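A single chain, nothing else alongside it, follows as structure tokens in the form predicted alone.
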């Protein structure tokens, strides 16, 4: 797909064969097959084989498949990256990315292993240095040989590392979230919000999804299938937004408007920058339709 919606990206434990199979029938936009936090040390090798087999086996349609490897400092990282490259997912997610050098190192390693150019690199932003170096990390994605495509917020680890509270309004983490959004956008990366831990609290989950969208997040990482539907709805443009976006595009395409910086549509002043936003809105809507057709 030329453009991928990433409204809902569900973590799936790599050691759970039943969960990996179930993913094929779930309406998430993407899946993170986890070899790290969700897998016990004595199950790492088995999980690696299960995930690689699942990715190679296909059956996920056009949904995005991502493998989260173990941290580069661990004994499992090299084997994880090698197996992931051979399985050829859409992306490899690296935990605890703290410096731009990590991005360059993993990108180079993937290329050495023969990874296709379209296998991207995602970075977990989940440590104090991740936040302090967010701009430099994002800038590493601008290099010719870089594979970096997406930031994934690791709010639970940020809370653990800093002692910050996880609150309903997310004020303790607000500056970290917005810093990463700004860094991602400066270098044309995508960014996904962190997980909401209580999957039975749908009201709280919806509020956090709406907050994430208001901050500019592309979507949210999830821990349970019951969160998918609400998340998809919140991070998708509404039918009204799509209809008005198409009206803006059509209006600016008229010969009499081609040189105008602003026009009036339905009593509202619309500037040419809104036409750019409108095209993005329509691109998202069309990609969602294509993904789940």
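Residue numbers count along the first chain shown, from 1. Quick caveat, the model's predicted, so the values are computed rather than measured.
Form predicted together with coenzyme A: not shown, discussed below.
In the predicted complex, none of the heavy atoms of residue 48 sits within 4.5 Å of a heavy atom of coenzyme A. Looking at residue 199, you'd find a heavy atom of it within 4.5 angstroms of coenzyme A in the predicted complex. Interface residue remark: residue 38 is counted as part of the site for coenzyme A in the predicted complex, having a heavy atom within 4.5 Å. Taking the partner from elsewhere, residue 224 is found to have a heavy atom lying within 4.5 Å of coenzyme A in the predicted complex. Remark: all three candidate residues (12, 19 and 195) come within 4.5 Å of coenzyme A in the predicted complex, counting heavy atoms only. The contact residue chosen from 26, 243, 249, 43 relative to coenzyme A in the predicted complex is 26, the criterion being a non-hydrogen atom within 4.5 angstroms. Judged by heavy atoms within 4.5 Å of coenzyme A in the predicted complex, the contact stretch among the candidates 132-140, 173-181, 199-207, 82-90 is 199-207.
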